[in-house]
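For reference, the chain that follows is the form predicted on its own, supplied as structure tokens.
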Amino acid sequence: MTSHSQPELLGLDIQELAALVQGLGEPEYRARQLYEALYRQRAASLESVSTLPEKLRRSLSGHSLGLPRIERQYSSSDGTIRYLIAFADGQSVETVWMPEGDGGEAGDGSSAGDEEETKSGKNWRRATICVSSQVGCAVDCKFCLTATLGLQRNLSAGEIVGQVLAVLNDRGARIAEDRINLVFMGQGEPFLNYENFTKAVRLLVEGARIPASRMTVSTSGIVPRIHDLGQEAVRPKLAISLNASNDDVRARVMPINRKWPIAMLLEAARSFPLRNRERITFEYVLLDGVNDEVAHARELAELLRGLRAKVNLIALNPGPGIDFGTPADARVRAFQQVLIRAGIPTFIRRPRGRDIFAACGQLKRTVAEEPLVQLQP
């Protein structure tokens, strides 16, 4: 919970909204209208919700809509935008917009569809939003800038949802027409804010109509919550931030490994109920001279043997105060080839927004430093 002066509507589910409007003497169907306005129509204010009678809008005036404010945004040369999003108590997190499908950016020409998008002022076909679940993070991964913040507080379900809605509004996205993917990989460990995170997922699926199949949640390895997620009726796909092929290295770079070592983590992964054609993603940040040897790749291949899995390799995105180096491209490719030869689908994740501290592991609410590109109003 956050200490806001007014109770917020964003974050309430349909049952909670029904109790609210009925308590104000209104019929239950008004809850559905309010629910649609909040999550489907992404209303910016109560006054703009014309489906509700003026009397009800006045009765709700003691409530805040709860849509967070975009305080700043930084634009990358690759089209990525890093948003600094502020909440009512003055705390803030970062949310990242990563557009895809710009024919001009890819350098592969334009189709007729691309030309239509350009005429309408839109240069993307699909996009991914990287969402935060906490202000800061308590997990203390040694290669991650967010870890240097420590944990400030959990985000409410409304604040998690609000990030997505605020960014969609800013980019003019249309859920019914645009392919929007969500990755819960921003600031914080989602499974240490499990109830709010899972409620936010349900609201985004049932309210905003973003399919769960287009969502992925990344965990550093909170084993009990991996088991819990597998039992959820509505859930994203699972990604596990592994980052090492043995306990000695993983405990060095991820202290959480001392509580839930690799054997326990992989046992949870093997028991996770996968849907048809679904794989668990293992994320592996490559640190020069630490976990990027061919021998490490062979160890990793053995660990993942028999799992329906894929691996995303991420060459370290550097940042101030991070005492690790980024491996050479040749080392990254050699690591990938070992896994591919072992039959494990393995991809090298292209860094997005590295020049504005928006890439994986770089989110630190960077506002004190000079921006690396022009700050957008």
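Numbering starts at 1 and follows the sequence shown. Worth saying up front: this structure is predicted, and the values here are computed from it rather than measured.
Keep in mind that the form predicted in complex with a small molecule is missing from the display, and what follows is about it.
Note on the interface: of 188-196, 291-299, 168-176, 82-90, the segment with non-hydrogen atoms within 4.5 angstroms of the small molecule in the predicted complex is 188-196. Although the partner is absent here, Ser220 is a contact residue: one of its heavy atoms lies within 4.5 angstroms of the small molecule in the predicted complex. When contacts are judged by a 4.5 Å heavy atom cut-off, Leu155 does not count as touching the small molecule in the predicted complex. Looking at Glu283, you'd find a heavy atom of it within 4.5 angstroms of the small molecule in the predicted complex. In the predicted complex, no heavy atom of Leu34 sits within 4.5 Å of the small molecule. The three marked residues, Leu10, Ser64 and Gln163, fail to reach the small molecule in the predicted complex, with no heavy atom of any inside 4.5 Å. Between the small molecule and the residues Leu339, Leu316, Ala309, Ala43, the one pair within 4.5 Å by heavy atoms in the predicted complex involves Leu316. Of the residues Asn243, Asn257, Ser76, Thr95, just one reaches the small molecule in the predicted complex with a heavy atom at 4.5 Å or closer; this is Asn243.
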